[in-house]
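As a starting point, one isolated chain is supplied in structure tokens, in the form predicted alone.
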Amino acid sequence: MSTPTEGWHGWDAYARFYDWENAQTVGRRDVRFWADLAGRADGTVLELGCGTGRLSVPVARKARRFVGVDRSAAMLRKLRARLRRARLTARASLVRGDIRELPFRADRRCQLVMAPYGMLQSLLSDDDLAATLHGVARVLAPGGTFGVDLAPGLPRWGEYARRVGLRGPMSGGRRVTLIESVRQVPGQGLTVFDQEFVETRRGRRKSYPVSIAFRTLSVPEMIERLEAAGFAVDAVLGGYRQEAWSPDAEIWVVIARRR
């Protein structure tokens, strides 16, 4: 497969299997962190790249008002259904849009903007990251909080081809096998995941190819870009239990404040 040139490429196709894969990998380990942060925000919470709502629903339960933005219509359809089932539609709204050009007026004043699950690493250029950070500063109230998490281990991810990663049942009597390849693109600082989800149901087999890319961002790079966009960094954590930061931590969390 070719290297994605835009970070949003591949996510519509991924929507069919996103929840299935994440239930077996990320699970709920970050849910309490983001929900607690939302519960302390005295106003609107905006989630960048809300996807199918793995975090959005528990966050919306805690937030005074929740807004989710995502470019993928397929992802948002799943989230809308989840919000209806949870009876949260009165306090939550969804917008299909590009996080590089947030489709909100400058007078929208959010108290918390969250970019979980390595969302900012799906921005594959410095220009895209700068545009997103300046957009967040525009809609965040002075003193409001911006929470970002980063996956630190991407450059160390070993390359491999067509390895069976996961197997298991899905709803509707389907069984799915994930066959995954990983490529490093050092010149661009990208890690590309070429995935093939093979779905079997009643003896019929169908393949769904997905290719998504993430960009390596270090904590010093993230801090520099945040400060350039008008933020002050309050904390850098080494996990969702607020562990001390370490270069070897499984996840990095940056908490910033709009000046």
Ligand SMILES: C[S@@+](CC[C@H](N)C(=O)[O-])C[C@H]1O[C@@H](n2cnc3c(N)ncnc32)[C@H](O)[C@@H]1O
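Residues carry their position along the shown sequence, with the first being 1. Note that the structure is a prediction, hence the values are computed from the model and not measured.
Just so it is clear, the following notes concern the form predicted together with the named molecule, a form of the same protein that is not shown.
- Of the candidates Leu150, Leu129, Ile99, Leu83, Ile99 is the one whose heavy atoms come within 4.5 Å of the named molecule in the predicted bound form; the others do not.
- This chain lacks the partner; the member of Val210, Ala63, Leu55, Leu217 within 4.5 angstroms of the named molecule in the predicted bound form by a non-hydrogen atom is Leu55.
- Residue heavy atoms within 4.5 Å of the named molecule in the predicted bound form occur in exactly one stretch of 38 to 46, 66 to 74, 200 to 208, 221 to 229, and that stretch is 66 to 74.
- Contact between Val59 and the named molecule in the predicted bound form is not found at the 4.5 Å heavy atom cutoff.
- Using a 4.5 Å cutoff between non-hydrogen atoms, Phe104 does not count as a contact of the named molecule in the predicted bound form.
- With a 4.5 Å cutoff on heavy atoms, Gly144 does not count as touching the named molecule in the predicted bound form; it lies far away.
- When the named molecule is considered in the predicted bound form, Met119 lines it closely, a heavy atom lying within 4.5 Å.
- For the partner-free chain shown, just Tyr18 of 16 to 45 comes within 4.5 angstroms of the named molecule in the predicted bound form, judged by any non-hydrogen atom.
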